[in-house]
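Encoded as structure tokens, the following chain is the form predicted on its own, with no partner shown.
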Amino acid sequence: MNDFTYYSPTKFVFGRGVTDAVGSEVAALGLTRVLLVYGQGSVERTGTLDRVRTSLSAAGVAYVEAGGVRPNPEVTWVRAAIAQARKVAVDGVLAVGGGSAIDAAKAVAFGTPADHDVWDFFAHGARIESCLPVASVLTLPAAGSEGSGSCVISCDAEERKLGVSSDVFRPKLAIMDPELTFTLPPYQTAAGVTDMIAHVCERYFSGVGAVPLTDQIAASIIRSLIDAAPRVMADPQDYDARATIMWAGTLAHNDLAGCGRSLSPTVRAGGWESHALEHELSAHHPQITHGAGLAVILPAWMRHVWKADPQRFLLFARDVFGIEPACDLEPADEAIADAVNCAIDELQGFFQSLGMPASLGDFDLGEADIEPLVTTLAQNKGERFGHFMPLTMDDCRAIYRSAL
């Protein structure tokens, strides 16, 4: 187990009806006026936003609304919200929604006290040194942003989607009510589960050898999601399955599944190769849901890199799917290859069983779309990146091509 630093300051308030406690919990943080950040209508239609407004008012917390965050949140919206936050002098930011709303809220929170443009943090290496407190009411489990030190924002003008990491903007509070997810469309539920599994896999395949305790935590999160997801597809109001998915999303991305797997104590575990490859898809084509893109990219990346460490993939195959190489029936090399490829097929088959896409062709992308993706990927990541198997741009072309 490598050295690590683990920091998780978020207060998680989890359970039935806890949405109505958001006002008292926000007030307990010492906040008196918050910017209320939300998406493009679902929280309004379901009544969740009204519950939040009522709870804030009852607790004496003033709020100013900033709605309209889109999936794959865009920096132009963030800039406008920062101007609004400064004008009314809020002392905190409260997101109501999923990862897009929470990431937008984070960017507003550390962009508001800055003396330069917020995009400088993402594109030009500006250091995040101060931040308004961030809180959230989670309605769409997926990104794990409610408990993570990660934030991803797009810039349509540059066709770039970039992330930053810092404990400075980890949320202080996460209100997590599984009943809010009963009305989620199946596609959003499936994309969220896919994103969670990818978050675990990025850490699991981090270029570090076995870390048994952390590895078992990671495998357990994935197995729990594989068990719970079909249950909510069959019964969207299965509370226990919804609760499992909601909590798994947090554990998948609050760095617990990476403890001891990082190459440096203060750096997040993993090279995040699949996420980098997918970010180009949704930067160039914002209509692509992040999790749906990962359903195609993650298995394609696995098939390209597994030979760099077959034993790591065999461990994954055994602990997640119960697959062992049949070395007594066929040559060892063939048995290993069959076991690994079977596990990757099982993972992709699970994604597809939830209604996720099988190929980039399902997004109407073809060979002509690959080179623009590689061009901005090189701009964002350099000519070579990654930990498990450092990828060249030729590797990335091959991965995209195999996913068509």
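This one's a predicted model, so the numbers in the text were calculated from it and none came from an experiment. Counting begins at 1, following the sequence as shown.
Heads up, the form predicted in complex with 5,6-dihydroxy-NADP isn't pictured, but that's what we're talking about next.
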Quiz prompt | Region of this chain that lies against 5,6-dihydroxy-NADP in the predicted bound form, out of 305 to 313, 188 to 196, 330 to 338, 223 to 231 [heavy atom, 4.5 Å] | solution = 188 to 196
Quiz item: Is there any non-hydrogen atom of R170 lying within 4.5 Å of 5,6-dihydroxy-NADP in the predicted bound form?
Solution: no
Quiz item: Though only this chain appears here, would G355 touch 5,6-dihydroxy-NADP in the predicted bound form if you measure heavy atom gaps against 4.5 Å?
Solution: no
Exercise. Classify G98 as contacting or not contacting 5,6-dihydroxy-NADP in the predicted bound form by the rule of any non-hydrogen atom within 4.5 angstroms, answering yes or no.
Key: yes
Quiz item: Is there a heavy atom of V52 lying 4.5 Å or less from a heavy atom of 5,6-dihydroxy-NADP in the predicted bound form?
Solution: no
Quiz item: From the list V152, A248, I175, L277, which entry has a heavy atom within 4.5 Å of 5,6-dihydroxy-NADP in the predicted bound form?
Solution: V152
Quiz prompt | Single option in S148, S136, T214, S206 placed near 5,6-dihydroxy-NADP in the predicted bound form, where near means a heavy atom within 4.5 Å | solution = S148
Practice problem: Let me know which residues along 342 to 361 have a heavy atom within 4.5 Å of 5,6-dihydroxy-NADP in the predicted bound form, or say none if there are none. | Solution: none
